[in-house]
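Same chain, two forms, each on its own as structure tokens: structure 1, then structure 2.
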Structure 1
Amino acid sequence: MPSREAWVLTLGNEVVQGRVVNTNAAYLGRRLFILGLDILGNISLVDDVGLVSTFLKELLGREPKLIVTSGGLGPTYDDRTLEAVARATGRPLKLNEDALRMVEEWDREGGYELTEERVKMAYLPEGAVPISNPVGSAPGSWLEVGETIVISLPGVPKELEAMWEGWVEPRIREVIPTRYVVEKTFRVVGVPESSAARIVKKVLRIYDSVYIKTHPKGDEVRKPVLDVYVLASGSNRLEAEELVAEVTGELKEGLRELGGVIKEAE
């Protein structure tokens, strides 16, 4: 049976030294777990290209199905994650034309100058496919090495999440046999996000293999508007759909009790 083993590497001094809480690890852990991958660990390391490549090499030696890294893709001198990937995999960094176009396009739209530091973001390990970043300038990298896929994403949570949901996860579901996944979004008007958080927490305590997120969408006649996103998986389509329906039902009931009005998401 092919490996379903997965590892997450979250890179950056700010995470290791506790200046920020590592929400990327929780996000990626949860998404991989729901896909049915066998996620064994998360490793956070300081910005040290030697240390990162050593750990990457050890993990590659286990021949897992997936290694996901976050952080260290930006233009500054300490953003060296892809250099560590290159060292660990023996795939030298090369200017990737598609990645360069992504950086150029972002820079043109934002009115940035295409400096040497910004071109650096288009250097990917040889053979990598660049991952377009819809909310930032640094492209990600999808690299297949033997049986392992090494995916590198930026550390900014909104960039990482947009790239994961828009491109990475759909592609994983194409190439790896995962659990059947169903998503649903609905809208609630009249409940502030902080109150909704209590309902979400209660539901998550009951349903173990579900991912729930609330997105504030501004106000409607002075009442807060929230989109509630639910993701769940099952061993088949029916099981996944039933689970999403059940969780959505519980959420709606709790939100109605707080005075919320349920609508379709737009």
Structure 2
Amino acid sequence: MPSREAWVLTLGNEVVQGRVVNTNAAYLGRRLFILGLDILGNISLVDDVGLVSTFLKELLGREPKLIVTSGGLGPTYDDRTLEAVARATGRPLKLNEDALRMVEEWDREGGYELTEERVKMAYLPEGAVPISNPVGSAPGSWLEVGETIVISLPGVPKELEAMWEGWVEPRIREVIPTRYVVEKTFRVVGVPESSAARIVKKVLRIYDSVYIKTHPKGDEVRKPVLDVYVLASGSNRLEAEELVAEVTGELKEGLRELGGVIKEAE
């Protein structure tokens, strides 16, 4: 079966040091999850070309379907993500004429001079396709390395999100078969997680393709409250919805037998 593995690298000293809240990690993880990809990790790294390229090489060795990076595409001295991508993939950085046109157009609209620092943003790894940035100056990069797609986007959230929704996600849907994902969460009162674990284990023996997670919300001994999360996927939405409904029904029945009261999750 073709790989559906995906990884996210959020890059920048300010992210690692906690000076900027890493909203890009949550956004990208959620969008990839909704596409039915298997998100195995989100790694935050400082702006160090050697370090970033080392991690990229390691991930490329796994032959995942997608690696998405955010940050480090701007005009400043520390914006060197594409240099790291080029090093990790063994490709030279080259001036991309399409990317340069994107930068020039942004400069004209803003009345800015095309400086050396702005031209720097048009250098992409050889073979990359530039991704248009509708709200900023730095183009993104779509690079296919064997069976893996390496997508590099700016770190500014509004730019990343606009590029993802307007260009990246539609293209991903074209090249990766869609897998429909359906989620359901319900609450059970009166059953501690340690007792619910037996029911979850029993259901998973029957439905080994689903994911179930319990989240304690109350006092485990005196007033146990659990949110139960169920995830299933299928080749079409109806198949996934039916599987979630069936698994949820089995869980609720078992938890009621333990004296649990079922409610909607808050």
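What you see is a predicted model, and the numbers here were worked out from it, not measured in a lab. Here, rigid core means the biggest group of C-alpha atoms that superpose within 1.5 Å across both forms. The first residue in the sequence of structure 1 is number 1, and each one after it adds one.
*Asks:* Between the two structures, is it 1 or 2 that corresponds to the form predicted together with a further copy of the same chain?
*Replies:* Here the form predicted together with a further copy of the same chain corresponds to structure 1.
*Asks:* With both forms fitted on the core, check whether the Cα of D98 differs by 2 Å or more between structure 1 and structure 2.
*Replies:* D98 C-alpha, core-superposed: shift of less than 2 Å.
*Asks:* A240: with the rigid core matched between structure 1 and structure 2, does its Cα shift 2 Å or more?
*Replies:* After core superposition, the displacement of the A240 C-alpha between structure 1 and structure 2 reaches the 2 Å mark, so yes.
*Asks:* Quick one: degrees of rotation for the smaller rigid part between structure 1 and structure 2, relative to the bigger part?
*Replies:* The answer is a rotation of 62 degrees for the smaller part.
*Asks:* Give me the C-alpha shift of Y180 between structure 1 and structure 2, core superposed, in Å.
*Replies:* Core-aligned C-alpha shift comes out at 4.9 Å.
*Asks:* How many angstrom apart are the two C-alpha positions of I199 between structure 1 and structure 2, if you fit on the rigid core?
*Replies:* Taking the core as reference, the C-alpha of I199 is shifted 30.4 Å.
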